[in-house]
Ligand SMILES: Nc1ncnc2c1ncn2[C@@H]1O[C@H](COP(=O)(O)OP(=O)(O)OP(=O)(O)O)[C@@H](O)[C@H]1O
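Given next, in structure tokens, is a single chain: the form predicted on its own.
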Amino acid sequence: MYLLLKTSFKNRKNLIYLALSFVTLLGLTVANQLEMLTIGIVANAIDYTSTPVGSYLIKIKEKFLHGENQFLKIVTALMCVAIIKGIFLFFSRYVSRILCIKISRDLRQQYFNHIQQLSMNFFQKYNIGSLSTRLVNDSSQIAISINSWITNYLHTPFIVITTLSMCFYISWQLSFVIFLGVPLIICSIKVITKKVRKVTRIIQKNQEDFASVLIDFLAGIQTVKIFSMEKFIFGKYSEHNDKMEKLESKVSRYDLLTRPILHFVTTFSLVLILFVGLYILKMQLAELIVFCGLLHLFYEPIRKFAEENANVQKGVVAAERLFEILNIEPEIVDNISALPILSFNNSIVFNKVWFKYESKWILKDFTFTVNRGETVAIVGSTGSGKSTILQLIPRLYEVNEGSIIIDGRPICEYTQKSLRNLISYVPQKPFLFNDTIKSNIAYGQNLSDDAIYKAAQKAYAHEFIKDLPEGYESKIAEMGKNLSGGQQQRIAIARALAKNASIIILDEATSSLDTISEIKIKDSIENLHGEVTQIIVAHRLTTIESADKIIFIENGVKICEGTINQLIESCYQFREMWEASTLSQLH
């Protein structure tokens, strides 16, 4: 419960809406009680003053409803009470709804802001389905649960105490009948609460798996169709869907079980009260009408308590799941003494770097230097650690041993933001956002149209962009599926060039390009020689012929280093790769 409240009211402004919600609910309660008293006055079967309430109702009637036009006054009184109740009913629900909306918004922002600060290891551990489910479903469930919590733990106690007080004021003897059903209500709520929380945990875990299956299908639809695996995927989907149906049915059974139990208890209490009141205590009909109305007000929130409590328990589980992520501390954080690096002036040095994913060592005692303005290529077989080297430079991961030094300082002494501002990165698989081509190239930078066009021209993307119906304002579909792989890659390269960074990292950036485009990009990269520092990973060795230095690695170990001619002469592993690459080009 503490996590639920902590999660929801971290933003102190929400407490204002909580207070307003509570006040309007109290107003609604008073209006309901006034309604019961008004009905008692209208019933007007009281000719005796044998009870306090009888006397009280007669006094009200004599004061406000005496003289002429009594009918009009009664109708006016009823209308006024109805209007007051309607106003409080609207605002109590409206304020509660607004509170839920604001809490949901705050949770989504808090969650998204937090996961942005987490390292890449975190994103390898949690799948997209799990993270998106927690962001959307759990934050919404928490907001809904807070509304139920306000009803159950703030509103209900007030109703129960004030209504019970009025019942005792009318007849303390008759009021004891109410307590006959309370033990049954409490026991049923306690048992059902435990069941709902247990099943809810299973449901929310299954929702993650369910979302993952759907995301995998949508992302891999081409592979599914080519391999004719629709039946197989549908089977997996149906399995999770059926499991979800069974779990949701189980929760629904628990949710709905309370209503018939409480209905029986309240009906039995009502019948007992009418019998005792009329035949034993000899109460007047108007008093019994008021008493039964108050009894309804007393039992209604208790009836709702069990149902709303199921929502609260779902919110508790959702808060636990949300805090499972929010409590994860970023593995890579700026030191208190970290300094901004404003420019790259000298060199990047890998000094005896060791790095592993989980228990497997990817880089072993790795050392090399990249001087400012140089073009350095890293080559080797698949899985040898090339892409890992590129990801360590912007500090996406932390080295296990050794250090990476830029301009004489280990990169851990610089702020992450300033370090990454120096670097442009083109990944092997470019990611384009669901936005215009212009926005994808600028990507958050306030660039002029001219700067965007120049970057696109350097990346040889301008030639196909200008032929699109809307040019640079053309919208890129989700995951860039309305563009070819080569077009996506060229836009990604244009984005990197538009950043105008001192260091540009290219991770097989020409892998999706045709031969002509590859030659053009190669020329563009060569034109940047001396202007920016380039670190390139490439399988096509023809794209790195002009590199100042080539580093050949195998199984995370540097085998050799030098110019292309030096490696062909002195490194047989590289020579074999070069000859194989040349032969494939000829074919």
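This is a predicted model, so every value here is computed, not measured. Numbering starts at 1 and follows the sequence shown.
Same protein, other form: the form predicted together with the ligand, not shown, and the subject of what follows.
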* Please run the contact check for Gln116 against the ligand in the predicted bound form: heavy atoms, 4.5 angstroms, yes or no? => no
* Asked: Taking 4.5 angstroms as the cut-off for heavy atoms, does Tyr357 touch the ligand in the predicted bound form?
  -> yes
* Asked: Does Tyr397 reach the ligand in the predicted bound form if we count a contact as any heavy atom within 4.5 Å?
  -> yes
* Asked: Given that the partner is absent here, does Pro430 sit within 4.5 Å of the ligand in the predicted bound form, heavy atoms only?
  -> no
* To do: Considering the ligand in the predicted bound form, find the one stretch among 98-106, 358-366, 84-92, 471-479 with heavy atoms no farther than 4.5 Å from it.
  => 358-366
* in the predicted bound form, do Gln110, Pro330 and Arg420 all put a heavy atom within 4.5 Å of the ligand? -> no
* Which of Thr382, Thr267, Thr515, Asn434 has a heavy atom within 4.5 Å of the ligand in the predicted bound form? -> Thr382
* The unique member of Asn346, Asn335, Gln173, Gln124 whose heavy atoms fall within 4.5 Å of the ligand in the predicted bound form -> Gln124
* Asked: Judged by heavy atom distances of 4.5 Å or less, which residues of 538-555 approach the ligand in the predicted bound form?
  -> His539
